[in-house]
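The data below hold one chain only, encoded as structure tokens and taken in the form predicted alone.
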């Protein structure tokens, strides 16, 4: 079985094979090291002239890549840890995202910023955050997150082919996961419906009449799917899991379709729930034509993420916390 890490490496390789305009930039990408999480291992050997190792300056890397994109290339930037995206905010938000408008649609900025996010590895407060919400709602910026239901390689290839800036969120624990086989032990008796082709949303249901709709993305889905089976077996609560590949801009139609049956919404994210992705989804559902939807949100507590496992486990959303939120919704 192929891991998500291998899928992402394959996606990068295929993009570079198919388009000589694709360049890869970042810190410590060259073989034999191949990047901090090894997604780029082997690529510099195959494409030595198009993999550029850089100094430790995230702002400079993204600034240079933005210029390359404006001149017709398709740069892919790796930010070693997602926590360091704070250093590229000016380049992404005030420049790359706006140049299409500033220059009256005469230029495009097809840049992809890949970065590993998330905790659960004991890396501490400055290497474990989920900061993707900082980019949500920025006009002109697309935010994507691979998962194990879809094809991570194809998602990355589509991002690289996009003519606008993309922030591509890869959870650290997702790298070792494998794509799921529905109905073969991973999601027994689960059915999957896909919405959209380029950046799909997936609805995983265990019944035609779900009682709770759970909206989530990325590695969070790995935790949610285990809880979904537990509440099914323990209390016969039927959930429908809506897994988003595109976090921003929103396409809430697949979720709205599920909520028209369940009328119960739970959002699950690893970033802090305060003013987060789930908050925006909850607000939009509250403003929609759907009536009588009961809502709960699950996310990290509003603390820096600790190094010690016991404290990290308390701060980040766990199976037990998600399960309790489901039971509270059903009361």
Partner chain sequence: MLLIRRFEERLLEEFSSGKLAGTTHAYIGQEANAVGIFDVLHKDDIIFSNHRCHGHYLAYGGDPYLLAAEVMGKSTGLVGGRGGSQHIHLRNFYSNGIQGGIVPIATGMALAEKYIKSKRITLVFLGDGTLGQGIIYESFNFASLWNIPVLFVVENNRYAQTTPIEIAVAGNIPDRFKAFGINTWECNSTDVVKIREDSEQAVNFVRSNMQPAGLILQTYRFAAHSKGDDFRKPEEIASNKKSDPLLIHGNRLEKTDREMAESEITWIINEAFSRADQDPYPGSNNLPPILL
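Positions refer to the first chain, counted from 1. The structure displayed is predicted, hence computed values, not measured ones.
The protein also exists as the form predicted in complex with its partner chain; that form is not presented, and the subsequent description refers to it.
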| said: Since the partner isn't included here, can you check whether its partner chain sits close to all of 102, 105 and 251 in the model of the complex (heavy atom within 4.5 Å for each)? | reply: yes
| remark: Exactly one listed stretch (256-264, 86-94, 213-221, 113-121) reaches within 4.5 angstroms of its partner chain in the model of the complex by non-hydrogen atoms, and it is 86-94
| query | What is the one choice in 52, 306, 295, 301 with a heavy atom within 4.5 Å of its partner chain in the model of the complex? | reply | 52
| message | Can you work out which of 60, 290, 36, 30 has a heavy atom no more than 4.5 Å from its partner chain in the model of the complex? | response | 60
| request: Please run the contact check for residue 246 against its partner chain in the model of the complex: heavy atoms, 4.5 angstroms, yes or no? | output: yes
| said: I'd like to check something about residue 71: if you look in the model of the complex, is any of its heavy atoms closer than or equal to 4.5 Å to a heavy atom of its partner chain? | reply: yes
| task | Determine whether any heavy atom of residue 67 comes within 4.5 Å of a heavy atom of its partner chain in the model of the complex, and answer yes or no. | result | yes
| task | Flag residue 142 as yes or no: does it have a non-hydrogen atom within 4.5 angstroms of any non-hydrogen atom of its partner chain in the model of the complex? | result | yes
